[in-house]
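In the block that follows, a single chain appears as C-alpha cells, in the form predicted on its own.
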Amino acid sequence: MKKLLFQFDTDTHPSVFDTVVAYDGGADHVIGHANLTPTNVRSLVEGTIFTRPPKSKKNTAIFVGGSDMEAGQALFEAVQSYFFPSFQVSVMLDSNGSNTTAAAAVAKLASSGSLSGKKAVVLAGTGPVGQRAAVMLAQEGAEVSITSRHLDKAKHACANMKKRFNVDLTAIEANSFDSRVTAIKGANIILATGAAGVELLKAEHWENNSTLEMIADANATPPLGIGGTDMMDKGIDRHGKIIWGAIGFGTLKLALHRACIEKLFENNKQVFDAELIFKLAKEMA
C-alpha cells in the first residue's frame, strides 16, 4: 500500500522544501493543499481518516507547514480535533522548519556542553525557529531571553511560548548593534535566528566577550547573522567559543526532518510537535 503524506500548508503555495524532504523521508506520494485554516480543513482530515481500514491507516499521514507558526499551531490542533478512537492518522507540525531547525540547533549546542544554568539569548527570536529554540533551551535548564526590534513583538512571542509550553522567557528590545551587544552582556550562549541576509552582530561584538561559551547561527545567506563565523562551522573553536553554523547543524536538521517523516508511517498515532522532535534530535546528535 502506498504511503501518502498530505501536506497541509497555511500559505498560498505548499512549501517545495517540505515536499522534497517528504519524498526523501519515504513518502510515496505527497499531496499539497494550500491556504488551510481550522475552519476549512475538516473535509480534508475526514478524507484521510475514513478511507483506509484500521490496519492500513499507518500508511496515511499529515504534515502541517507554512511560514506562520501561530497559524500552523492552530491548524495542527484543529486537525487533531477531528480525530477519534480508531479514526486518526499520524501528524507532524513544522511551520517554516520551526521544530526541526530549532531542535537541530539546540541539540548540537547541547552536544557541545551543558545548557543547564546558562544564560542564553536568542537574537531576532520572534520567528518560528527562534520561538521554538528558546523553548528548547529553557527546557534544558537555560535562562533564556528573546530579542526583537520591537518589545511588544518579543513579549507576544514569550507569552505564546508560556501558554503552549509553560516556560518563562524574557523579552528584550534590541534594534541596533549597540542594543544587541548590551543584550548579550553576561550571556553564555547566543543563537541567531534572524531574517536571511541580516547581520545582527559583527565579529568585534562577541570575540572578546569573556562569558560567551557557545554560538549558533541559523542564517546561511550572506551576510550571516553573526559576523566572524562561517555557515560551515561544526562545533569549531573561534576565539574560545564553540561555533555552529547553519550548514554545520543543517545536516542534522535535514536528517531529523527525514527521520520524522519516516516515523509518521510506523503507526497511525504519532504526534510530532516540538517535544518529540527535540527528543529525537538529541538522540541523533
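Each residue number is its position in the shown sequence, starting from 1. Predicted model, so just to flag it, every value in this text is computed and none were measured.
This protein has a second form, the form predicted together with a small molecule, left out of what is shown; the following refers to that one.
TODO: Please pick, from Ala187, Ala142, Ala124, Ala171, the one residue with any non-hydrogen atom lying within 4.5 angstroms of the small molecule in the predicted complex.
DONE: Contact check passes for Ala124.
Task: Proximity to the small molecule in the predicted complex (heavy atom, within 4.5 Å), stretch among 27 to 35, 41 to 49, 56 to 64, 247 to 255 - done: Result for this chain: 247 to 255.
Task: Residues Thr101, Ser148 and Ala196 all lining the small molecule in the predicted complex, heavy atom within 4.5 Å - done: Every listed residue reaches the small molecule in the predicted complex, so yes.
Task: in the predicted complex, Leu200 touching the small molecule (heavy atom, 4.5 Å) - done: So Leu200 counts as contacting the small molecule.
Task: Heavy atom of Lys153 within 4.5 Å of the small molecule in the predicted complex - done: Close contact exists here: in the predicted complex, Lys153 approaches the small molecule to within 4.5 Å, heavy atoms only.
TODO: Using a 4.5 Å heavy atom cut-off, state whether Asn96 contacts the small molecule in the predicted complex.
DONE: Yes, Asn96 lies within 4.5 Å of the small molecule in the predicted complex.
Open item on the list: Is Val129 part of the interface with the small molecule in the predicted complex - any heavy atom within 4.5 Å?
Closed with: Yes, Val129 lies within 4.5 Å of the small molecule in the predicted complex.
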